[in-house]
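A single chain comes next, written as structure tokens; it is the form predicted on its own.
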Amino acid sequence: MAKITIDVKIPQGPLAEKWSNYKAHQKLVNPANKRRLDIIVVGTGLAGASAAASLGELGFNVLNFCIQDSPRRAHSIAAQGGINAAKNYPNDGDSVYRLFYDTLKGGDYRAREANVYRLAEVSNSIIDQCVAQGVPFAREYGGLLDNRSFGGAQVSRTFYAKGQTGQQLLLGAYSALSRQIKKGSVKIYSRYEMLDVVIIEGRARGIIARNLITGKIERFFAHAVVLGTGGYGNAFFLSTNAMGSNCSAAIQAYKKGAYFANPCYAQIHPTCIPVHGEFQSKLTLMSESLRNDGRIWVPKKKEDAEAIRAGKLKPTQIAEEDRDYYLERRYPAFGNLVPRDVASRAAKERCDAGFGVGATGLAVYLDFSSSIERLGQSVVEERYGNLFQMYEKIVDENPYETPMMIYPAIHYTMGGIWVDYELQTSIPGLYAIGEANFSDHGANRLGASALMQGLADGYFVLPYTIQNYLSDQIRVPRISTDAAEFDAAEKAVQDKIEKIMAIKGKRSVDSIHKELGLVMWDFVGMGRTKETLEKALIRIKEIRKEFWSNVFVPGQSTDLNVELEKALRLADFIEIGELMAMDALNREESCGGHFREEYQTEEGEALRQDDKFSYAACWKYSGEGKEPELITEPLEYEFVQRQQRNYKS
């Protein structure tokens, strides 16, 4: 079989000029012709809503699909801490290049150089766009936009709106989207879920979607399809993702020929409220911004940790000299603001060594007493009040008086559908944006960069690059949804639904999903080994067999049926779980959020194997029951030298 080569379409020229050169020479679609072209955008989070609004504003006919009852409920709303941009308002040394370099380094040199530079380059325009929309960013006393610090950087470049930045940015994108809906350039389909992509003569030409209210399966044509459907963290069941977040659109695209890249790169977020019971259905994140003013510690003495776990001692009774501020001790240059993967592993190491706190011992303290003493409680409350309130509601402890307890949890997924420089997948006419693609974060995402990437893709990248593809599609007539390819795709969806409904087993969807989640966390979680990954692959095969033989879905498929929705998504989580384990087993190195315990430095840091794994792992679907084919995209760095990450000095 001939080796498949990947065309990344990176423009020629110096790094800082690649995007300008691309825009100067790309093909365009004139305004009259834009009206002749239809684009489907699946998803209404920051990436999907900004893309749909921008494409509608340009004059394309946009069909926008929303899984919730309103775009305002997209999971982007949950982002708390902020959005990065290289404005350098604090005059502390930031620049486009520094944001680019911090992002590349934070991702452990496993991202595509040109894409990351473009992300940093357009970041400043995002802030201008959002201010124009009325996003209420925090401001300094003099009225200028305020900034705070996030992990992996020594400058303050994160713009924020208290602890609800995602919500405010989404409302800005939603207002832009609503304007286009009112004008008629965007048609919104709320409570619809994409179940398949339709390929005609090798190009994406539409989708099959289920009306979640009526259960009706419907067909939709477009000249191009854009997926802004988020990540796959809920494969672990317990994660910081919304319960409805899923990977089904991505997996269906993968099964139709889109490569899935770097599935093993899942982010562990260090500041999550610890698991508190076996009946818990999701985890709650505490913003990384809290690490600006909160200090992370555990007791220095094991006997103190044991006494705390037994309820005989309170954290406030531990003297200052008996506290181990382990991030400040291990990483003096960055302290509590090391990247997420570094902070998460350090917390796990302390807990595994017996210094963990809380009833289970799987927690560390995030303490604000020093900041309250230095700044006053009113200042801390002004910066983080809603986060403190949320913590107190869940844990029933006042974090102004008692340190918060936190522990790492599954959060964002850096892997996703492979895309080229134009954000196009390996299927012509199919694009992926935001967390749904793999392109910008490498093996670890820096905090406050998810919102940046989603809005960069939707507002400032896709509206240019999609025209390069559509410029020769203006004479393609609107294809009837009665075409044979639509028939076949709908039949496949219908057959899958009927198969699930007919099982009538004894297990609920959630019980099987929890079982999968435990396997993923225990064997494919923060620490992975060859042995655990091989165990995971065996167990996932068993879980797949159990699902397809013993799941029970009540009700009818031709009606509103939440259990059927969950079952269809679980079938896809099983697929992505297997792909993650397979990818992690193949990548015999540690980098970013992918930590193979066999590959670590003497100090317990991730140890890359640049001579063997300096590539994006792209998996190509080979058919039901067959191992996927691995295709590699070499990550060649022309402008940056790879180094061992150092956050100590």
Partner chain sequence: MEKLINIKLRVWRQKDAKSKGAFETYKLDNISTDTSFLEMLDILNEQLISERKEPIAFDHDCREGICGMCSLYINGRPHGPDDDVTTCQLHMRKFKDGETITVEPWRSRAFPVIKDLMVNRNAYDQIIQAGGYVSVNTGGVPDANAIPIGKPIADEAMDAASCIGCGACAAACKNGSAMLFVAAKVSQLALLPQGKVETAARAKAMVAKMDELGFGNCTNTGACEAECPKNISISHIARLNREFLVAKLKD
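Please read these numbers as outputs of a predicted model, since none were measured by experiment. Numbering follows the first chain given and starts at 1.
FYI, the form predicted together with its partner chain isn't displayed, but the following is about it.
Contact with its partner chain in the predicted complex, judged by any heavy atom within 4.5 Å, is made by just one of K255, R539, R323, K87: K87.
When its partner chain is considered in the predicted complex, only one residue from T481, S190, S185, T465 comes within 4.5 Å through any heavy atom, namely S190. Look at 470 to 478, 519 to 527, 572 to 580, 123 to 131: in the predicted complex, residues with non-hydrogen atoms within 4.5 angstroms of its partner chain sit in 123 to 131. Proximity to its partner chain in the predicted complex holds for all of A161, L560 and E563, with the criterion being a heavy atom within 4.5 Å.
Although the partner is absent from this view, Q280 contacts its partner chain in the predicted complex, with a non-hydrogen atom inside 4.5 angstroms. In the predicted complex, its partner chain sits within 4.5 Å of a heavy atom of Q68. Looking at E140, you'd find a heavy atom of it within 4.5 angstroms of its partner chain in the predicted complex. Its partner chain is not drawn, but in the predicted complex it has a heavy atom within 4.5 Å of R73.
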